[in-house]
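Coming up is one lone chain in structure tokens, specifically the form predicted alone.
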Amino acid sequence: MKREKIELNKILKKGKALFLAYDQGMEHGPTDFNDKNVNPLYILDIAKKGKYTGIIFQKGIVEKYNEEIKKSKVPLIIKLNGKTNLFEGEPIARQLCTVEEAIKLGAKAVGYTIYIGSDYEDEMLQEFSKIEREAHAEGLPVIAWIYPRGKSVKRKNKAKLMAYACRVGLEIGADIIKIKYEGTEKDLAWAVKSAGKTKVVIAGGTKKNEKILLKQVREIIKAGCIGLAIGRNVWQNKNPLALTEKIKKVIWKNKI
């Protein structure tokens, strides 16, 4: 299968990334939402006005709001797999959207979650390998959400697991790895180094104090990450665009 040039420039600006994530509705249920942010168009408006380098949706939202997404001109990243948080067994997120469907819907990149350490790790790794081949044959970047989860990793050091997650991303051929920031800035710098030429973005995670969030953003950039894939901390904020500008100053203007 021919491999086209991977078009990372379509979801990056000057090599940096700020993705607005909105796949939480499936992962967490509607508990993260209020009357405003329950509407995907509210999120899309933030992404457009904030000039995000990408917006992350599941397939269903993209199908229903495809016209508005295309008009916004915000680069689209479609999450190809997912799960709810209702099942309490070993985590697995299976493919729900194909690469072909994502391309037809206008995706500039695709994402896929792998829970390393889960009993189902091998199935997700195999599914990812198929997605990576199909996407790269079309020049489409692949982002791997890599989270250590399951009973096998419960007692292991989280900072070391963060570096392991990054190394796995490099080894399986991901273009960008999305991980959780665990440990110190030094731990994160080692994780980024472990990723080699694969780029690293950090998940925004649960809602936190703005001062703490911006401190973490500064550490993330200093450690060598290219940016963030952030959701709740922005669209649950009372002034999401003002916060967006503060984050962008750190990422692109090195105001750290």
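Numbers for residues come from their place in the sequence shown, where the first is 1. Nothing here was measured: the structure is a model prediction, and the numbers come from that model.
Just so you know, the form predicted in complex with a small molecule exists too; it's not on screen, but the next bit is about it.
Between the small molecule and the residues 167, 149, 136, 160, the one pair within 4.5 Å by heavy atoms in the predicted bound form involves 149.
Contact annotation: of the candidates 10, 16, 248, 232, the single residue with a non-hydrogen atom within 4.5 angstroms of the small molecule in the predicted bound form is 232. Annotated contact segment (heavy atom within 4.5 Å of the small molecule in the predicted bound form): 174 to 182, selected among 103 to 111, 150 to 158, 125 to 133, 174 to 182. Within this chain, residue 28 lines the site of the small molecule in the predicted bound form, having a heavy atom no more than 4.5 Å away. Although the partner is absent here, residue 50 sits far enough away that none of its heavy atoms falls within 4.5 Å of the small molecule in the predicted bound form. In the predicted bound form, the small molecule stays beyond 4.5 Å of every heavy atom belonging to residue 237. In the predicted bound form, at least one heavy atom of residue 203 sits within 4.5 Å of a heavy atom of the small molecule.
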